[in-house]
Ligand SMILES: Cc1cc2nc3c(=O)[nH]c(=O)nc-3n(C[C@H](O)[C@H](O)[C@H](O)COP(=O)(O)OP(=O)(O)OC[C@H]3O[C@@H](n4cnc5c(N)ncnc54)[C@H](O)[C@@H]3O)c2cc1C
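Only one chain is shown below, in structure tokens, and it's the form predicted on its own.
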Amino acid sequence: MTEQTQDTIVIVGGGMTGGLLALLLAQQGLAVTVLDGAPEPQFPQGDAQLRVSTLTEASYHLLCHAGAWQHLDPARLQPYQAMQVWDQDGTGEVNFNAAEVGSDSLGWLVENGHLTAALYRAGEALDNLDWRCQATVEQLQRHGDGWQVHSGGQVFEADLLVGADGARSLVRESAGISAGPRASGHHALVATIATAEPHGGCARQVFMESGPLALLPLFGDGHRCSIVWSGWPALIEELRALPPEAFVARLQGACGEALGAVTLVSERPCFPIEERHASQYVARALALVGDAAHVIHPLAGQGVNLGLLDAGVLAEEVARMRGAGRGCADPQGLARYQRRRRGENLLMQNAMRGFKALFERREMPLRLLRNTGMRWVNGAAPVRRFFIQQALGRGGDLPALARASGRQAPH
């Protein structure tokens, strides 16, 4: 282990983004404390958890460098090699395949709890990482050049305080940074289904007037998928309340025969989709990452990947500051982190709003333009390859650790 320095970092929130950041910073020799209100992460058993995420190639490299990927159970990971996107109300369809860019996979489906448990397990090997579970933060206050964090009757001193505490971030609020919620006009329903036809390692998404429906391949016998159905709040509530047989009939009508007959095998929780974007990502001796900084519509499955890139860039900038002999909270270094991440995250958020708005419009000229555009992309190999590169997370200002890990990606 690298020799520790005097710099101490407190991360509030120990989910996927906070956990990755903690590992990357601790590997630099910094004294890192994670304060997380959730119970100790446990590796899931049995059926797939309902909350899952898609991971890009860039996220894979970050997790390998952090030592977390190695703790994931390969039997519970589902790579996907293809994507199929179509417009329910037309003839537009686009198909992507990883082989077009010489890759084995476009990404991986992983349960959120599984990944958090792997990060926690990797952290157990680092003596300078103190990851505390069920540690509720009661108060945050500025103290000298840093912060004091009150939790469980203890006071933690932080040269740098990081908010990885989700959309309703106490850290963001304590710093006086605005990030008012913006109603997306959608709620989302998640569930697990069994399918008559195998999913074939293909992630599917159909766009409807009411919103998108994603069918994401899960591990197992090749006949399980996670669905994320986004739509108007009244519609989603109606779907949630339907008897299982009636819900399956509506689902079958939405996705057609893409996977044959479907069966509901889980509960159907729903949640509102609220977008947020912090007016700034940094303040004096403070930084925000993940959902504390930005929340986007889940229609492209990029939310977690954006958060993991936040962690990778912030860790890279901290290393740069320390290498130049400055502290881990140097204002210029934190400002550089904000410049590198805020614009890219805002671009993705606006792109998701644009896609949502485009597919909600039913005017005939727009429908014709949309379907023509999808058919054109499907027939234009260079354009398809560009979108595949973006889906893999190869674009933008990537941290070095997101580019290569020295490990062969599983498939």
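Everything numeric in this text was worked out from a predicted model, so none of it was measured. Counting begins at 1, following the sequence as shown.
Below, we turn to the form predicted in complex with the ligand, even though it does not appear here.
- For the marked spot (S103, L106 and G393), a heavy atom within 4.5 Å of the ligand in the predicted bound form is absent from each of the three residues.
- Among heavy atoms of V52, some come within 4.5 Å of the ligand in the predicted bound form.
- Looking at G166, you'd find a heavy atom of it within 4.5 angstroms of the ligand in the predicted bound form.
- At a distance threshold of 4.5 angstroms between non-hydrogen atoms, A118 is out of contact with the ligand in the predicted bound form.
- Put simply, T91 is far from the ligand in the predicted bound form: not one heavy atom of it is within 4.5 Å.
- A single residue from the set V137, L251, V206, A122 has any heavy atom within 4.5 angstroms of the ligand in the predicted bound form; that residue is V137.
- This chain lacks the partner; the member of I193, L218, V190, L126 within 4.5 angstroms of the ligand in the predicted bound form by a non-hydrogen atom is V190.
- Contact annotation: the ligand lies within 4.5 Å of heavy atoms from the stretch 30 to 38 in the predicted bound form, the single such stretch among 30 to 38, 340 to 348, 64 to 72, 367 to 375.
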